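The chain below stands alone, shown as structure tokens; this is the form predicted alone.
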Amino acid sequence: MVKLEKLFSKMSKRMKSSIIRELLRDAANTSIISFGGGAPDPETFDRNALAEVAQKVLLDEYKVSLQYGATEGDPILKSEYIKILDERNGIKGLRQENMLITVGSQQALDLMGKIFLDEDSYAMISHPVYLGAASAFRAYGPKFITIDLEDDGMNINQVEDALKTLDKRGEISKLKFIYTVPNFHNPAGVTMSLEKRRALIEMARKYDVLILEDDPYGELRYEGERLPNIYKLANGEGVMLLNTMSKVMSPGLRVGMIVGDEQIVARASLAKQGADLCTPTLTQRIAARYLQKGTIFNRIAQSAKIYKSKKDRMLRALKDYVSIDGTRWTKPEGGLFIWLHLPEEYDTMEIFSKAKQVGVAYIPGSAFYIDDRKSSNLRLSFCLPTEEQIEEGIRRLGKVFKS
């Protein structure tokens, strides 16, 4: 009998199961109110329009849509998305060579890890950090530099101190990138201020460090002032922008993108060739033709109303039912998540099993820390449950916390 453990690579041994993926199974269990995964509300999907587009793409464009495609992505989809970045984000001058279409933003994260990270590399991340990014980067074995999150984004003083320390040690070249989710952070829900965005660009330029800007939620703003992308503020210099159609069109299409320096895009394309050859041509062309209809932002505006109402319902329910002294939570202006802080003596991983017993699921805060520390925090997603479920779920959680 072959001893399998000796066959597995170092990379495979660094992989670990995602609690979020496990909890997505709970979302399908109608007896559990799930505040776990960030799955969009299916009622926000423009299914009739997508069905109409899909039929035409299958019948009229089958020679393209049912065939292999270019690794770099469907040129029509790239052209449409370049227009959106111009009109919505003020990002000018992009060419096809500045964009790679990926299988969702998760592949984009993995490709960034694959082309940049080695076992002697450093990656700077926020703490807490988006679990999908941590999982993608961890596989390549880098050392992580963790930066605390504040109400207005990453602690810039900590960023500066870390950069100075690496520079003094002669290791600044080993820092491959600073990873950030500036808009409606997952899991924390906070947004990086304009001042911090500019400061981060200035520091990154001073020390010649790349910024990875992950922006899956930027269009899901429900209130407050829209802020420019870090990529826009930096005129595209030293910043790679990652994006996805999952939250605003459909996660089932699995369409994401990497935008930025064409040398980096070309290197990521080479890495993608070995992974899957190309993103499915069918879903790319459906997304492209749907964008050409010009109705997506009207649809997003309708979705934003639904999510805002759910967010407000959850915030009211937290105020009504979670009355433990020392408890606080973020009040996001957009996105899909609220970050709940319980007093330090609480362990939300331990409480998790008790919450499931009363039919409620959430993500314990320890899942979002590289060191798997004990955490009194937890992530609540308000996008999938109904407003009635939100009210009832938070009521149940309040009772569990008190007990």
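Numbers for residues come from their place in the sequence shown, where the first is 1. For clarity, every value in this text was computed on a predicted model and none was experimentally measured.
One more form of this protein, predicted in complex with a small molecule, exists but is not displayed; see below.
- Contact with the small molecule in the model of the complex, defined as any heavy atom within 4.5 Å, is confined among 177-185, 199-207, 300-308, 262-270 to 177-185.
- This chain is drawn without the small molecule; in the model of the complex, the residue among 218, 104, 236, 280 with a heavy atom within 4.5 Å of it is 104.
- Taking 121, 244, 89, 135 one by one, only a single residue has any non-hydrogen atom within 4.5 Å of the small molecule in the model of the complex, and it is 244.
- Contact annotation for residue 254: at least one heavy atom lies within 4.5 Å of the small molecule in the model of the complex.
- Mapping the unseen interface onto this chain, residue 130 counts among the residues with a heavy atom inside 4.5 Å of the small molecule in the model of the complex.
- Not displayed here, the small molecule is kept clear of residue 159 by more than 4.5 Å at the level of heavy atoms in the model of the complex.
- The shortest heavy atom separation between residue 214 and the small molecule in the model of the complex is within 4.5 Å.
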